[in-house]
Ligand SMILES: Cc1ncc(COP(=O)(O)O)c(C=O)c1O
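One chain is shown next in C-alpha cells, namely the form predicted on its own.
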C-alpha cells in the first residue's frame, strides 16, 4: 500500500504546489538579502540533526523549508564563493520535468527528444566558437569527466597505435603539456589514463598566471630529450585560481607546428564566446581540437552540465571502440546514440535546460550575464587598489579576483594566518560567502562574482566587514 500511496497523483500535485510556492518565496526573500547566505553548523552538528530528523514526523512543506534553511544559498547577492552560478528559474522547471520523465539520453529509443536537442545545442556552441559544419559533440556530467574524455580522444587520435584496445605502448612515456595553473582534474585525468607523474609536463606561468608561451618550445624540447612522447597540450580559458586566460592563439599555432592535440579547458571562461565585449579573451579558441564549457558555471543551469565540442566531430567516435549488442545493433557512427561517444550509459538528460534557455532567451542572456559579472570584477579591483589596506594578486580577466588584507609589521606567515581567519569568520557569520586560495605561498581571499544582483555597494560592504574582522585578530 505504501508504494501505491507514493505514486498518488493527488498527493504529488499538493506537495508540488507547496514546493513551487516555497521556492518562489525563497527566491524573493534571498535576492532581497532577508536571510543569510548560509546558516553555519559544524559537520557533526549537521549529522546529528539530520539523523534525528529522519524519524521525526513532519509535513512535506516543513521538510522543504528545512532543506532550504540549512543549504548554501547561491542566489544570495553576497554569495561570492565557488564557481557555481545561481540557476535561472527556467532551468529549475526544466530540471523538474527531466526528473519526472527520467529518460536516459544515451540511446535514442530511450529518449527520442534528447539526441535531436543535443545536436542542435552543439551546433549553437560550434557557431559561436567559430567551428565549421563538421564540428559536433555532446553534453556530459561536469568538467572533470569532459576533460578526461577529451584527453582520451587525444591519446587515441595522436598516440601510438590503437591504445583503447591495445593499451599504452610498452616502453613509451606518453605525456601532455599543461599550465602550472591548470585545474587539478587535468592532472587527475592524466593519472587515470595510466601515464603517471611523468605524463604531466608543466608549462611555467608568467606574472599574470597565464601559461608563458615564450617557454613552450623549451618545455617541449626538454621533454622530448627526456624520451617523452607529447601528444596533447591544454590551454586554460580560464584558470580556476585567478581566472587567467592563456594565449590560446599562440598555443594553437604551437600545437599545429608539433602535430599535437590542442584541448581548451573552458569550463569556467569558455562561455565568453557568447559575450560581444569579452570574446577577444578567447581569441584562437577555434584552433582547438576540443573544447569544454560548463553550463552550471557561466550559463546558469541548475544541473551539472558540461558541453564537450570537437572541431572534427568524427574524432568523438574514436574515443571508445566497443561492441554492446544489447544497446545498439551496429558499431557505426550514429549521432543519435550518444552513449557510443560518452562514458555514461544511463546518460542524464541534461540538454533540456540548455535548449530551453536558448529557445526562451537566446544568446543575449548569456552575453548579459557574462558581461555584467566580468565588469563587476574590474570595478572591485579598482576599489581595492584605492584602499591601502589591500593588495590584489592580479588584474582580473574574468569574474574571479584574488586579494588580501595587509598589516604593517606583520610577517608573511602572520598575514597568511590573518586572511585565513577572516575568511573562516565570514563563513561562520553567514554575512558573506567567499573562499581562499594559495598563490606563491601566500593566502589570498578569492571572490567569484556569480550573481548579477551583486552590486559594487555590496563589495564596499565586504571591504568594511573584512577590515572590522581584521581588528578582532590583532595578533
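Residue numbers count along the first chain shown, from 1. In this text the structure is predicted, and so the values were computed from the model without any measurement.
There is another form of the same protein, the form predicted together with the named molecule; it is not shown, and what comes next is about it.
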Review point. Taking heavy atoms only, is residue 147 within 4.5 angstroms of the named molecule in the predicted bound form?
Key: yes
Exercise for review: Indicate whether residue 284 is a 4.5 Å heavy atom neighbour of the named molecule in the predicted bound form.
Suggested key: no
Check your understanding: Is the gap between residue 396 and the named molecule in the predicted bound form 4.5 Å or less for some heavy atom pair?
Key -> no
Check your understanding: Is the gap between residue 265 and the named molecule in the predicted bound form 4.5 Å or less for some heavy atom pair?
Key -> yes
**Study point:** Option touching the named molecule, based on a heavy atom within 4.5 Å in the predicted bound form, out of 174, 189, 376, 238
**Key:** 238
Review point. Among 75, 311, 228, 183, which has any heavy atom within 4.5 Å of the named molecule in the predicted bound form?
Key: 183
Review point. Among 85-93, 340-348, 401-409, 295-303, which stretch has residues with heavy atoms no more than 4.5 Å from the named molecule in the predicted bound form?
Key: 295-303
